[in-house]
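Two forms of the same protein chain are encoded below as structure tokens; each is given separately, as structure 1 and structure 2.
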Structure 1
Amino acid sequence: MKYLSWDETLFRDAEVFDPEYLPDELIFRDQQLERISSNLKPALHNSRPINMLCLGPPGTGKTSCVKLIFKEIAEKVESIIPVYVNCQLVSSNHGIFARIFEKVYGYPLPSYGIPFPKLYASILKKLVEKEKVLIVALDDINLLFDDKVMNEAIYAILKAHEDVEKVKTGVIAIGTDLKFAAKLDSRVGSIFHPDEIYFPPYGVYELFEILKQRCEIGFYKGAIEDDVIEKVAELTFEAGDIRVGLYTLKMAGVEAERRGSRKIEIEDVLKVFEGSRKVFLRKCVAMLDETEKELLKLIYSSEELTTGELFEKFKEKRKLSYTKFYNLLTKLENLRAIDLVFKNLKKGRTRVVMKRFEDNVILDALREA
């Protein structure tokens, strides 16, 4: 072989740096993991579990904690069917229940259209038959198509026992939006009183420990020293998302290999960091739909505007209601592309759309996505 000599790789397992990788242990999250599992305990004895709302900024381990517990349930607990739904990938209540159907029945929903009431009834019937408790995690719930779908879904899952007495269900909602509770309508609010579990952002020290642990499984011994990981932790803290740090480590490893070095140096990190940050941003931008991209573009091609001013400008391009417009803005805020901040201006207290990046960084990402 001319270019690749496999025995000289620094990587023991490169996949551990991918964002989907689920570690066996999540450090600094004992409290949250214990809260989630104790809320689920009633389901071990065929009772209704306590509903939950996991909230916190991006990259704070919400998805990983719930997935880790679901993995354990799937392996060891007979009485519970855990269903994980990524709300970014579904756009309707029907879509959510199709995922539930698949887990409950063990095969996908037939592709011919089944009306919702029939789908719903068949899921409940099976749950009673199998005497199982259904627990649905609705992840990234703030990115769900709209608030109406969110309300419908939570309501449909939780009111199941009214339709069929023996059915037991629970919901774990996961999101980044602290104002989530305000979006629940009164009907849902009356049956959904979740235990709120907060995931605080990691400090530099915590980031260091998490990244170090990942390096120990991802790289061979001696491939990276603590001072280099410290540098990555500092840069990650500034960038605001641990995924940037994980990606930087991976790219720094590739860079060191390219130089033919057996060690990752700070120079490798500095060389790949900006690029890693941009790749990450491009991935975020690529997830947006056309309207969202257009709004983001308008924000980053304008001076700082109030939400009202931005709405007027955006209306010239797209016909939409203020509510729909505000939903789009909140989504961009949740993805950390912008901040919505209250300011005291001449005309009184108003919300202003603040940029989180240099204009050209976002405009480039939009062009390349």
Structure 2
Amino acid sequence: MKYLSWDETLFRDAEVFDPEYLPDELIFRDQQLERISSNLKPALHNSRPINMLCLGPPGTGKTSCVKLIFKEIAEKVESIIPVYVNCQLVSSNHGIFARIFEKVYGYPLPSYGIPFPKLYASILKKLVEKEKVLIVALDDINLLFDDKVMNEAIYAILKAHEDVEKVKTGVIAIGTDLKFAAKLDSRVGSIFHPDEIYFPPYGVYELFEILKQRCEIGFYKGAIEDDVIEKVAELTFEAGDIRVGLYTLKMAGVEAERRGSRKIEIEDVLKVFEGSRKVFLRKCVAMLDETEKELLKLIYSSEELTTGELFEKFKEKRKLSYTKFYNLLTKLENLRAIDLVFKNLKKGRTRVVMKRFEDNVILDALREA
């Protein structure tokens, strides 16, 4: 039978293609998993773990690796309290420690709130009582609205042993900004000393194997052939984010079902790919604050500019230092909205802001955000 009946589906488990899905095994990340695991081993013996900085482009497995290790700790290790904080959603020092409080005490912070000094002291007191080591993963830390918040959060976690004897803590910072360490102030730099673990972009072959693994779990046998997965892998490599590929597979399955087909074809992939990329683009734009959105709009409303030329134009809209301006540019590059490349111009070698998308694609995403 060629066509699906009304109650049939191609999906064994559609959630497999969601960004939040955590597989039991992460292929092509053995080295990174081993480094993370090794750095946490001292905590198994009630000692402070080695702090870490997990760096790499979006969609390279940083979050999944940390979450997989934290899942294993939660299931098998009693001496460690792992706390995962998404800094896209939690952007204040108090908010970060509210998440820590919830994990340490087992229930949320009271709705009426607690002053930060009291909140901080109560967490440290409970850690000593339980004789547990606290490990906090701060994901997308470079997306915190203020570098000051980032520094305060890391410092507060790591200086805990100075405030309360026998408290042991560690930090895993996860980000896309390869110059992250330069944003740490002297206080934090003197106590953080992270082991930097790099997550390189996946190649086309690696993407194919990862996507094929998900298809084997997410679709019924025979629903998709390798040549279709190969096409998705190629498109995903161009997009630079595996989450785009996963969403494309999901929507291609939906499109095939809409046609009543028992098999996903390349035509289904091509039909949904651009929409899949736009969905993730809108999500990236939604993460930006008003200043960052204004800068992105200026870039995509202008012809090619050097960073210096762009700074002069943006100064007319917002008064800010060049350092702050360049930090904004770096964030847009980390989100893969732009590229900063060196070019040899008549006045010498300089950095140019290159667009990664058509103007209307970004401007539409900004309007929708």
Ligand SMILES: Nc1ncnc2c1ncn2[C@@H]1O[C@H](COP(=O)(O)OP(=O)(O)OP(=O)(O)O)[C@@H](O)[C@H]1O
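Since the model is a prediction, treat every value here as computed from it, not as a measurement. Rigid core here is just the name for the largest C-alpha set that superposes within 1.5 Å across the two forms. For residue numbers, the reference is structure 1: its sequence is counted from 1.
Taken from the structure described as the form predicted together with the ligand is structure 1, whereas structure 2 is drawn from elsewhere. Core-superposed comparison between the two structures: CA of S321 displaced by 2 Å or more. Relative to the superposed core, L295 shifts its CA atom by 2 Å or more between the two structures.
When the larger part is held fixed by a C-alpha superposition, the smaller rigid part turns by 12° between the two structures.
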